[in-house]
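Coming up is one lone chain in structure tokens, specifically the form predicted alone.
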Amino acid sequence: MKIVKLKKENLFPFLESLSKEADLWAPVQKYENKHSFQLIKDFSQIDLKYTRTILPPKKLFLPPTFNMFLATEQGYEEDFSHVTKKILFGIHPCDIHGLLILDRFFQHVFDDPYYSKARQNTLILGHSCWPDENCMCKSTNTHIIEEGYDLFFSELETAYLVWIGSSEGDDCIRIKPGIFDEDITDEDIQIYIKWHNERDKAFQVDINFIAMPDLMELKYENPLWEKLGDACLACGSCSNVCPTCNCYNVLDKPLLNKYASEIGRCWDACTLESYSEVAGGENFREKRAQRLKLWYTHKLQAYISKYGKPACVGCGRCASTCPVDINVQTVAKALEGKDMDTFWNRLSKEVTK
């Protein structure tokens, strides 16, 4: 793997050259401490000091709602209008791991063309990050990345060390000749090592994910799930912000004036009451506790047995989003037998008084 150096003042000129034939998406501050990946028209909008975006980058590959095809009496016509040439810049290691999990899911047995075509048309330009109190990616070993990107930018004091991860990435650094330097000094290496060590020490959360599959099995009937279910709002926010959640629903929108239907697709969530409801009104997971247990079984157990890693990449979005403190961190600690100072735990103690 080749590594080159880029001076910070050359970053925007490089991105400008790169984005002449593709849409550049990067993190932008929407309001105080809240960021999102946005289409960039003004490079000054880009905020590389962000920790996490509100929605994960999966929104660029499978939007919350989009049309899959037009169905008529004669057949159907696929709609790939959501697929455009994109450059995704500033994505952190945990979110790249999230895309790698989606790659396996949507391309493992049956290829999902709506995901695959968007993935193939997107350059991934990763960027280093610094953890806050909700980051769990060191516990999932997703705080570092070795694949899944075209270029990866590690920020030093006055420059970037840039890892080239694909032939497309190698082509990118040649678009604007002379701004990338192959001469990496010992001083650059020492600065990088120091930063790497300090970043590792900055993580505040430690979760034993190795034990989670067994704990999920041993505590499958534990009263913990009822406590969580009593507090859960069933809003689906945890699923919407999770980089690896992939459930969706299919919508039939008749176009009466055309004797046709648009067959749409939208995000769905197994934590919603309607998710497990079938014809006739039967609901296999009517209780919130049952739906939460399904979600956490998926994150902490089932994916490990199928793909060898949890479906949690430690991004901390669930921890920073759920208004009643139900997230991977608090649930994992509760499964370990720790008494958590959370809303759902305090609520349970109030009810039993």
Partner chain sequence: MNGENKCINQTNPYLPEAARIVRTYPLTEDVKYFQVRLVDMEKAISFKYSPGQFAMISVLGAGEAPFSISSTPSRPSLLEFCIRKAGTVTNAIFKLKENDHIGIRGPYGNGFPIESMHGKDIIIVMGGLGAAPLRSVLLYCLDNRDLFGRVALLHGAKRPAEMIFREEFFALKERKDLECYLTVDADDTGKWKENIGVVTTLFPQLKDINPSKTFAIVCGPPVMYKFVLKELIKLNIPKNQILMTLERRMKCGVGKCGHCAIDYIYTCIDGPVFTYWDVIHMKELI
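Residue numbers count along the first chain shown, from 1. These numbers come from a predicted model, not from an experiment.
What comes next is about the form predicted together with the partner chain, which is not displayed.
Only one listed stretch (275-283, 191-199, 140-148, 176-184) carries heavy atoms within 4.5 Å of the partner chain in the predicted bound form, and that stretch is 275-283. Exactly one listed residue, out of F89, W225, Y160, Y114, brings a non-hydrogen atom to within 4.5 Å of the partner chain in the predicted bound form: Y114. Distance criterion of 4.5 Å from any heavy atom to the partner chain in the predicted bound form singles out Q107 from the list Q107, T84, Q120, S167. When contacts are judged by a 4.5 Å heavy atom cut-off, S261 counts as touching the partner chain in the predicted bound form. Among heavy atoms of K287, none comes within 4.5 Å of the partner chain in the predicted bound form. Using a 4.5 Å cutoff between non-hydrogen atoms, N208 does not count as a contact of the partner chain in the predicted bound form. Contact annotation: C247 falls within 4.5 Å of the partner chain in the predicted bound form, judged by heavy atom distances.
Judged against the partner chain in the predicted bound form with a 4.5 angstroms heavy atom cut-off, the residues F12, L15 and Q329 are out of contact without exception.
Along 56-79, these residues reach a heavy atom to within 4.5 Å of the partner chain in the predicted bound form: M68, F69, A71, T72, E73, Y76, E78.
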